[in-house]
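Encoded as structure tokens, the following chain is the form predicted alone, with no partner shown.
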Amino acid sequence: MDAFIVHPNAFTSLGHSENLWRNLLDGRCGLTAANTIFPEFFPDNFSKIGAISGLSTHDSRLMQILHRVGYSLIPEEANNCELILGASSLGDLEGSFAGDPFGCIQHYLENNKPTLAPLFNGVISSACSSGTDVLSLAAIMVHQQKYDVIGVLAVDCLDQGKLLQHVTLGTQAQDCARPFDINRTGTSFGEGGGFAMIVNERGLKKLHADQVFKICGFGMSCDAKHITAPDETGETPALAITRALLASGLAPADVGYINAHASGTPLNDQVESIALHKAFGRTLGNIAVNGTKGAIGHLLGATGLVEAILTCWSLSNQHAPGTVGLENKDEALNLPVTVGGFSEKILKPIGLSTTLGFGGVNSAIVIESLN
């Protein structure tokens, strides 16, 4: 596929850029108790969330995150973009941009990045898979040479209304996310964002990029079985993975690393493990697998792009950070997951990032490090 990722960067509760990578590799956790972020709304809730520190509770959280993402992540090279695409789930649930992440991003760009504002032309909103899907859409467009350089910007926020929804649904962990752990009780929701530029060969020649990552292929599937629960058979998530491999022209044995969705909910981790076994078979035992939600939280509509970016970094550094929160593996899942506090050598430069979204939308993308 004639599509490459350059200038990938992410902003999370654990930091951004090189600081974020170092913290992940060191096994640090960026989660804090909900009652320290929303003391009036959740005075007795000690469950952990991946909230960005220092945000005002009286202003748009999404706008505040956009300011940080724009300042820290968007490089000067972005002025070479011919199109900007966004990804978010719902954005703010209150205030002037309630339910309008497109309007929020557009307002931010017009007032802070005026050269990029005319290029902004849409937001993908497919729940948890939004960030993966915008990356895949951009890859299609540059591959077809509709554009040579596309910027993708995924951002989302965790306000008290969203947290209440997930506490009520039972998807928010009782303490913190423990992906693939025998004692997992749910995920830890969070907020943050990511930015990357997607280019074809022609666009690559227009830019200065120290590191280049090839998008080999991607796959999607949707079972639409339940508003929050995945397909318990694992068939539909496995279909997204096998489609990604097929589009890449790669065999399961070619993959050296998997950044799993690894939400930490009892059902999701079970279904994902089934799907991975269906897609990879015996070769799964030779692949480094991890998840990052125990370290930075589940970043809602931004999680797919951020985790694809972390996949790029892991491949480039040839190490998979340990899965923070994982202490006692659920042996019934039979996954070669790297536990928290350790890292694992990646033996092949090809990785897979998966997202299993609400509503049954499953997305997978295959990335190769060319560094």
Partner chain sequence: MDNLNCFFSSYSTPDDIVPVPDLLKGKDKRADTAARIAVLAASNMLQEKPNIDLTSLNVVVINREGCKSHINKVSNGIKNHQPAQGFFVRGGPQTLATYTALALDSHGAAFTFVGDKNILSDAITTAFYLANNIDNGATLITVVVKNHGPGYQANSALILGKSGHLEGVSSLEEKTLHNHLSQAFELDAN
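Residue numbers count along the first chain shown, from 1. The structure displayed is predicted, hence computed values, not measured ones.
There is also a form predicted together with the partner chain; it is not shown, and the following applies to it.
Within 4.5 Å of the partner chain in the model of the complex, counting heavy atoms only, one of 137-145, 259-267, 193-201, 207-215 shows up; tell me which.
Heavy atoms within 4.5 Å of the partner chain in the model of the complex occur in 137-145.
Can any non-hydrogen atom of Ser125 be found within 4.5 angstroms of the partner chain in the model of the complex?
Yes, Ser125 sits close enough to the partner chain in the model of the complex that at least one of its heavy atoms falls within 4.5 Å.
Taking the partner chain as it sits in the model of the complex, is Arg282 in contact with it (heavy atom to heavy atom, 4.5 Å or less)?
Result no; Arg282 lies far from the partner chain in the model of the complex.
Should Arg184 be classed as touching the partner chain in the model of the complex when contacts are defined as heavy atoms within 4.5 Å?
Arg184: no contact with the partner chain in the model of the complex.
With heavy atoms only and a cut-off of 4.5 Å, decide whether Val361 touches the partner chain in the model of the complex.
Val361: contacts the partner chain in the model of the complex.
Could you work out which of Asn286, Thr168, Thr115, Asn111 is the residue within 4.5 angstroms of the partner chain in the model of the complex, going by heavy atoms?
After the contact test, the surviving option is Thr168.
Listed residue that, although the partner chain is not shown, lies within 4.5 Å of it in the model of the complex (heavy atoms), from Asn79, Gln174, Thr233, Asn121:
Looking at the other structure, the residue within range turns out to be Asn121.
Heavy atom within 4.5 Å of the partner chain in the model of the complex: which residues of 61-90 meet that condition, in order?
Sequence-ordered list: Leu83, Leu85, Ser89, Leu90.
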